[in-house]
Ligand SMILES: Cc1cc2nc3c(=O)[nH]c(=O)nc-3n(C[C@H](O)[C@H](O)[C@H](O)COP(=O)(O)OP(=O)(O)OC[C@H]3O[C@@H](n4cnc5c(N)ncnc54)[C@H](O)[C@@H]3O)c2cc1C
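Here's a solo chain for you in structure tokens, the form predicted on its own.
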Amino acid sequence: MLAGLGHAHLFVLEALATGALDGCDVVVCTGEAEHVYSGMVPGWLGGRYDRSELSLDTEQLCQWAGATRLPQHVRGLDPVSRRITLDNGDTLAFDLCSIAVGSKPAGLDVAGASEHAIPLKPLHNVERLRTQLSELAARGRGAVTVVGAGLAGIEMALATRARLTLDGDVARAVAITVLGVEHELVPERGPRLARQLIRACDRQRVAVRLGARVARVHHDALELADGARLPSDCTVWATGAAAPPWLAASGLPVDDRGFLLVDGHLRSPGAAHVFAAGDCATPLSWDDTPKAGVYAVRMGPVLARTLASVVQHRALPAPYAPQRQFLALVNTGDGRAIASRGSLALSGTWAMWLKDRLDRAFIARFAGG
């Protein structure tokens, strides 16, 4: 049973398609009609990609692999009885369960956030954002606020400016602001990347306001914890990751944020027949692993090999060890990107070329589905 169709589960479907899971019936539970590659969403918002270039049809993927798709999200798991519960209330039995349901934006319990803010996930929320941006562009004035000054928030703010630029010079009057709770920009990745991000924001007329905590979201403004009020006709919620509540409710071991703990074989220490990968999983030995798509992609082949070994009653493969550093490529919306690894950060059109090539290669790998 594959709960969700996150990036890591694409590799499991690939293993099924190539015969590595022979003798195993695979059921995929996802209510999403498309698998969307998150790394290309800002480029789609900014007009670089068509919708078809960053998405894969989930039904077609399952048919290609030889899996059965159930068009329902999972909302519960009982590891003792080995049953999952779907959105429609149905329960299904399994022998092995792998979970790749990603995460949801944190902080949506802030007053007014769930009613008035646009979370980045799922993709239809970004479609709402495109619609609102077109309305602001037609008016030729207004304010967009991106809550969350991590790489995702900065990238979406820059993509927002790129989208508005497509709608003509009148849209240049729309103000864009990024709000961050921390007093430093991406402190975990060093000052060089922070400087490159600030330069990109300055070029694209995106204001960055740090040390700002949102206390309430209105349809046309934000109230900050310090009492300030910030006009915002369109509020984008790009905060950190939060765990789906049903993970902790399963009774399986979770970290302090509610994400499933897994060992080196991406297996729950509380149930040898339950596996997890991607944002929803936290490696026991590396519990500070960032919730970033690059880790889900790296976990995918390990998960596929591990499940194949279990199904075929073979010795388990080498355990997963997350890389301590990873290459981050930030699309700045102006034909350039910033490449960051460790303390280094460089910007240029070459970096956007590299990002585009890597992103397209990921989609192409599974396009046979």
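One-based numbering along the sequence shown. Since the structure is predicted, the reported quantities are computational estimates derived from the model, not experimental observations.
The form predicted in complex with the named molecule exists for this protein as well; it is not shown, and the discussion that follows is about that form.
- Of the residues Ala200, Leu193, Leu179, Leu120, just one reaches the named molecule in the predicted complex with a heavy atom at 4.5 Å or closer; this is Leu120.
- This chain lacks the partner; the member of Pro283, Gly102, Gly107, Gly142 within 4.5 angstroms of the named molecule in the predicted complex by a non-hydrogen atom is Gly102.
- Of the stretches 333-341, 59-67, 307-315, 33-41, only 33-41 has residues with a heavy atom within 4.5 Å of the named molecule in the predicted complex.
- The closest non-hydrogen atom of Met1 lies beyond 4.5 Å of the named molecule in the predicted complex.
- The closest heavy atom approach of Val294 to the named molecule in the predicted complex falls within 4.5 Å.
- Proximity of Val74 to the named molecule in the predicted complex: non-hydrogen atoms within 4.5 Å are present.
- Under a 4.5 angstroms non-hydrogen atom cutoff, the named molecule in the predicted complex has Gly278 among its neighbouring residues.
- Contacts between stretch 145-160 and the named molecule, counted in the predicted complex as any heavy atom lying within 4.5 Å, involve Ala152, Glu155, Met156, listed in sequence order.
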